[in-house]
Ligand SMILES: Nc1nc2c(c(=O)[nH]1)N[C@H]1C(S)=C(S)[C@@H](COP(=O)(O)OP(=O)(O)OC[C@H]3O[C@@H](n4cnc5c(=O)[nH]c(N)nc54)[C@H](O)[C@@H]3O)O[C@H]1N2
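Presented as structure tokens, the chain that follows is alone, the form predicted alone.
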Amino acid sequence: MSEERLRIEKPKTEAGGLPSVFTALQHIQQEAGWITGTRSLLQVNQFDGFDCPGCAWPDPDQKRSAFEFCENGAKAVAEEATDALCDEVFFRAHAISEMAKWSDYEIGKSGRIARPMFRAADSDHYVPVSWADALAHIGSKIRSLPSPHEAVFYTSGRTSNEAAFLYQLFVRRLGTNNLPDCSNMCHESSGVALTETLGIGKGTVTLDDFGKAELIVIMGQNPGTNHPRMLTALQDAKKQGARVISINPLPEAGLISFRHPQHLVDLLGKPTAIADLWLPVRINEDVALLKALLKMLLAREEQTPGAVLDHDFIATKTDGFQSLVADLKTYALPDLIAKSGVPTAKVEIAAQWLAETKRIIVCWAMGLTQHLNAVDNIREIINLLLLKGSIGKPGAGTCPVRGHSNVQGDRTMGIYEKPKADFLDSLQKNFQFEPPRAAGYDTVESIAAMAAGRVKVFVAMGGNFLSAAPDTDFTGRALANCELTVQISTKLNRSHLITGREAFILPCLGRTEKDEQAGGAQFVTVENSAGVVHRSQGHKRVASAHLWSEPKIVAGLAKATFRGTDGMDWDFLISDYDHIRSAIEKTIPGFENYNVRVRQPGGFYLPNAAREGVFHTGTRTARFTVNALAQHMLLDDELLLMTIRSHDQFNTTIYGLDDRYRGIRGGRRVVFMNEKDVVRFGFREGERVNLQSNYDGVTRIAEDFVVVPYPIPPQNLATYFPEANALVPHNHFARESQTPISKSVVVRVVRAVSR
């Protein structure tokens, strides 16, 4: 994006309202047209419609609006329902090397991929290929590998339950657990911490709990951009008297105030103030802040015994309390507050609200999960909730807010490189084969294995692996080191342009489209952040006659690979997806009577013992933990960078070039910097700079960013991904979860050479 098009405006102080309406309609009109686009929007998140291809925020269990979508959901639908086609004419006109120079935004606007495409070795063009030839080639290559562990099978969180279950079944029949997924790069830290402390790697609250909460704490999250429908839940909670605390390095418009874009009163009157208190924590100093709050709660409990902590809950439902108390005594409160960067007066207010409140929900997202000590961040949240007894009661609990709309369901279906023994035992019993027991590669391990030549074939079911992964240049070289890469996709993305020696693009149906199989029209199922499994059925005419559904593609890969030697009737499974769901029912607890219950409006809740106050940990109790403070020893010329989304993107999909709420128009290569740091380093607003990181003697550079003074803590920076992913080292990741450290990268800012 040229320098002349970038405009910097004053950040907004409210989200939603008429601008959200106009922007949503503009995207629908430009991509899909009024008729097709409007029809699709009216089916989003409806009982008989399709699940939004955006985030995993839960839908109301009972009554739903006719417009059950947000601005970014409308953008997601518009992107998928676009009438632009990326067909053989397109690929004939554009060389791969040419497209690789385009921005992610330009690549994404190429349209829906219309038919299977093949890149031959040493060719600079994709050419059309039949499904039969593509599958035969891929199957032959996989079958010829000396070891199944030389193949990696990645999964995006948009994949349906049915496709994910078949995918893991295919891969494990092949003989490997190399099943990395997008969870490895986002909420893996949440799952690890929650499983250890509460016995389940999922959140414990439902959507209804927000209306019963007294205090909602939102940490490391920007719902106004990333999960806009969450603002409706927060608005409703405020009307019921709840307080909201925002803990985040940046002020975010959606947490300042909100106008519901579908409510006339909101559009004409005053917006609803959302956050009652903002705590501007330094990047990744959340443990310091939480420890300060815990110490203050203990002090208040000493002053008024029995009035602050839930002693009965602690005594009967938890273990490790005394170790927590002993650890907190080793810290001085002023030191913790100073380390957090939050003014003392604000910390005291937060502590008082926590002390006098019993029903507390804590929500968080990737602002907490992508650090070296990310698991500690989440465990410290659990400590706070356990002190208050705010687990397993209405209006209280944990809420890790997921990104992709079925990322939680994929994990439930067995998309995991470290499967549990009971899941593998169930596969063995129901499908009469011995699944592999050794752990497979997660995302960062897959990148390292490809780079080292230990992986020859990479298959991705959805997603944009290259742009989502850390260390862009290294990851690109790792992919190029493969003999074959396969992308199952709806639209063109950067992962199609940095490929193995040979490459295939296999085009699949989107959420909005009709899925017709031998048994007639089909629907798929997904799981949202609240653990609700529900149906999703598109009704739009398919973009191209050459598109296959994801389950059909997986079945085709399995048939081409095994050639009938596995004893599975893959055609039977995909002829009617009820057959797949029956197999899931036999294999995974909680899916009893699956095909009947999922046809009920709104679906059904999966079991969640922690929600009921039952904890399936090793001690059968919820567990307090002792967690270390973050250790960022920055030199004077170093700053701590976090990557963030703009308002015009969802994960790696770039909808446009504006970040309306933060005042950025017409460009993405900006770096948000504290105003005093701008002066200290001798920069000026609008100046162009380069960003450099140095880990293990390797210097990584992201070039040509514009300095934007912003209310962010000193020595902290923020900029957008995937543009800044090149700075994130692939071999530095969270302890225990191995999630890349994308939210706390040590960098230097240097003046760009004039051009």
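Note that residue numbering follows the sequence shown and begins at 1. As the structure is a prediction and not an experimental result, all values here were calculated from the model.
Here the subject shifts to the form predicted together with the named molecule, a form of this protein not shown in this document.
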Please determine, with the chain shown alone, which of 121-129, 403-411, 564-572, 524-532 has non-hydrogen atoms within 4.5 Å of the named molecule in the predicted bound form.
403-411
May I ask you to choose, among Phe165, Phe153, Phe258, Phe465, the residue with a heavy atom within 4.5 Å of the named molecule in the predicted bound form?
Phe465
Though the named molecule is not shown, can you say which of Gly254, Pro249, Pro180, Pro551 has a heavy atom within 4.5 Å of it in the predicted bound form?
Pro249
Candidate spot Thr197, Ala288 and Ala396, all three in 4.5 Å heavy atom range of the named molecule in the predicted bound form?
no
Is Lys491 close enough to the named molecule in the predicted bound form to count, meaning some heavy atom within 4.5 Å?
yes
Please determine whether Arg645 contacts the named molecule in the predicted bound form, using a 4.5 Å cut-off between heavy atoms.
yes
Taking 4.5 angstroms as the cut-off for heavy atoms, does Asn222 touch the named molecule in the predicted bound form?
yes
Does the 4.5 Å heavy atom contact test between Thr204 and the named molecule in the predicted bound form come out positive?
no
Which residues within 39-60 place at least one heavy atom within 4.5 Å of the named molecule in the predicted bound form?
Cys55
